[in-house]
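Shown next are two forms of a single protein chain, provided one at a time as structure tokens under the names structure 1 and structure 2.
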Structure 1
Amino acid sequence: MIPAAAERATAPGPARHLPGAGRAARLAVRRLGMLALLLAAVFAAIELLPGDAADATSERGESAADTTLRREALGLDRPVAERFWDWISGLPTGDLGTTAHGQPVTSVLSGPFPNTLLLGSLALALSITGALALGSWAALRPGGRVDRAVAVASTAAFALPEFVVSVALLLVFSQWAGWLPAVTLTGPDGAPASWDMLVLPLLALAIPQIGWNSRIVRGALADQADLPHVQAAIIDGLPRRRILIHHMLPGALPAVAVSTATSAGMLVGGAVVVETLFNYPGVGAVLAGAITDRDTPLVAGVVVATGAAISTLLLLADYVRDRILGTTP
């Protein structure tokens, strides 16, 4: 399945006949439409949960009349479609609304979102580096022990959910060895207090994605190895490293770029669990609290922020793929 996916990613298609800017604009509009549908689904899903933000955030001893007044103040007595339209119409101006606790959503996210971007960017960089190294190492030794070992290890790593990896890392490196902290403490600026508090959350996010991307890299390089110019380079006796870097990797890059962009979405999903387990000050913890509070504007704000970051990576991956396919004979 993986070689076929890589072949589809590298196959020439209609995108080659479209101007780059026009295709990018069309993709951007399509993804904005998908984001709007996703936000509508968020409003509908929160509405289906039992209770509402007024009940979930009520203080001890608060009377029913006070809760009703606060429900009206939050606009929860209006239809959900009307509330969604009011919220999304402010989106072009950067207004993400107000939380159930009366704070601007942009203010609540201004601290945690950069922390999540830092963790996600480091995890993505580590995933790409590890996958390229393992996938290339295996592809240069097809059918050998290294190839089989990498295949088994990468499949096992991808099959493990983030919370299992997190618990295993906590047991080994924190509880037994005592090398790394089990929880993340924040400094005065709201960021992790020291670099070693990033290590375990980073590994918990990156290990499954290294497994997934290693399989993609291995499959894409295997497809490239069968091409005539690669076979000619092998017959000419060129060094394996030179064949890999100059003849195989350039053709495999479109599949690797698409896989990397896909990993960005999975990293965001895994961050919710990992940040909660390690007490990391990111949007994962904010999202978990917002769902508990039935705080629809805050949940939607997290979706907008993470969706914008993922869409940017997807557009970048599309650009890399089109650029390489458009210049590859």
Structure 2
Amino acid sequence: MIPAAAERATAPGPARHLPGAGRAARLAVRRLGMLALLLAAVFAAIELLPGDAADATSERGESAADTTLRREALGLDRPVAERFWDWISGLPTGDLGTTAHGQPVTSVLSGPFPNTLLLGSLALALSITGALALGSWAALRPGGRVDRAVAVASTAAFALPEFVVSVALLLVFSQWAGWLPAVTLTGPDGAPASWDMLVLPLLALAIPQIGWNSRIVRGALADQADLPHVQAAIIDGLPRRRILIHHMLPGALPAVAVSTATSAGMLVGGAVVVETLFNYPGVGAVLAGAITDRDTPLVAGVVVATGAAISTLLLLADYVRDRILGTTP
């Protein structure tokens, strides 16, 4: 971040930090700006795909004139910039537009989004807990048997696509053992009918992320281990556990926070596959269908919802880093 560095250079001393609230606001504005750019990119990308929502939702044998009528009804005959502006100017009022099938986007997402949020946050929590535990365990005895095993296992886990993990889990826990349901079915409230339906999709999402994050945790802890105060603690003969918890983990936190935020993004990507395989009623399935239908408002709606969730996480990660390192990212 060159501009930030330059700013720091010209404003030395304690005054180099903007007041807390101002800094927070700047970070938030930057994240919002990124989201708006992303949405513009979504509109542009769907515009570039062959066909549009009027074609995609047409009935075989519908006349060209009828398709044109529907194209006009959906407003697709207007330039993409104009449609984007119309859509995004409704956003502050909570209006996400209407799908190509004539349903309000908010109502299409009202069931799936909380479900994805639930699955995603549980998977994220599990990933981080698992990664911290594994990474720390490995870091306790650098180069030891545990360290090497975790290194191999975590790399392997991260290399496995969610699809492979899902199919393996299904085979083992549902088809052979019969312990867990194969798919998620929902009740009248739109949420999974029982908690055990969450287990397999949760594991399928979390396992690759545990792999990824435990590598990060392990790496960050290794960096901490070389720092003078940690070396001093080791020489003082403090218990390993104490050194880990009190001297190493706090310093590793910023790296872990950023990798958590990155994981959140990857979880959303994995959710499309995992939700389909386990029939989990989340936004992943909605997104896949919406892209096939060239349903721009719905795709953008999913992006806004998940983007807002991920941006919030990124923002939190920024703050954590900011707090601990005392720099503006």
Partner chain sequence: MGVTRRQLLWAGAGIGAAGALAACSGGPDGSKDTASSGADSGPPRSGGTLKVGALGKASSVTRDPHGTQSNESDYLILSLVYDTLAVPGAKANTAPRLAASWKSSEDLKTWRFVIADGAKFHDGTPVTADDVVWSLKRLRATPAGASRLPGIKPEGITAEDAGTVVLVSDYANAELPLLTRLTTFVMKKGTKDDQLADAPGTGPFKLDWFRDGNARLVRNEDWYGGEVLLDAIEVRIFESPQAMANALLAGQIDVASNVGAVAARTAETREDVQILRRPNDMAMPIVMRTADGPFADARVREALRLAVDRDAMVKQVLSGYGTVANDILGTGDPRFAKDIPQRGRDLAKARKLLAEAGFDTSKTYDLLTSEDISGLAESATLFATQAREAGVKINVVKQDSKIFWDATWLKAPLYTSYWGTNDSVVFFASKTMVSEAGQNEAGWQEPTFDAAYRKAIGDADEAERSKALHRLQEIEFAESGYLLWGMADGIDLAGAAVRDLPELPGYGRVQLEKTWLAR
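Quantities reported herein were computed from a predicted structural model and do not represent experimental measurements. Reference numbering: structure 1, starting with residue 1. For the two forms, the rigid core is made up of the largest set of C-alpha atoms that agree within 1.5 Å on superposition.
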### Query
Is structure 1 or structure 2 the form predicted alone?
1
### Task
Measure the rotation of the smaller rigid part relative to the larger between structure 1 and structure 2 and give it in whole degrees.
8
### Task
Report, to one decimal in Å, how far the Cα of Glu82 moves between structure 1 and structure 2 once the rigid core is superposed.
2.6
